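Only one chain is given next, in structure tokens, and it is the form predicted on its own.
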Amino acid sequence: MLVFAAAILEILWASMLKDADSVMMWILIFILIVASFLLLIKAYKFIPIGIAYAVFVGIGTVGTYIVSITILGEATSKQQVAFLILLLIGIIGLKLTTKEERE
């Protein structure tokens, strides 16, 4: 759950980078980056680092791509969507085959 929340914040800050043109926007992006990585660091206590980071980056990549085509109106192709689906399958596989540790 922590990795998912961290990835959502990553999607937000990564999507905001394109239009960041004021000090307030950059401060907000900085806060989102810090919060995202703090959640990821906390997740490392329950999930192996390699799996947590791969899932974090994968969800962030897929989410940012979806935002770029649905909200920002950027171009896409069938090949890109196919590879994105492969990435998503890998993320789900990593998550399903990893046991979380309890404190």
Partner chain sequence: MAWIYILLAGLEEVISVVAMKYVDGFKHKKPIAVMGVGFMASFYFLSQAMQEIAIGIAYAAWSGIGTIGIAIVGILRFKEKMNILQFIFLSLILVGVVGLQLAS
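The model shown is predicted, which means the values in this text are computed figures rather than measured ones. Residue numbers count along the first chain shown, from 1.
Same protein, other form: the form predicted together with its partner chain, not shown, and the subject of what follows.
- Residue contact with its partner chain in the model of the complex: residue 29 places no heavy atom within 4.5 Å of it.
- By the criterion of a heavy atom within 4.5 Å, residue 49 is counted among the residues contacting its partner chain in the model of the complex.
- Its partner chain in the model of the complex comes within 4.5 Å of a heavy atom belonging to residue 86.
- At a distance threshold of 4.5 angstroms between non-hydrogen atoms, residue 67 is out of contact with its partner chain in the model of the complex.
- In the model of the complex, the residues of 27 to 46 lying within 4.5 Å of its partner chain by at least one heavy atom are, in order, 37, 38, 40, 41, 44, 45.
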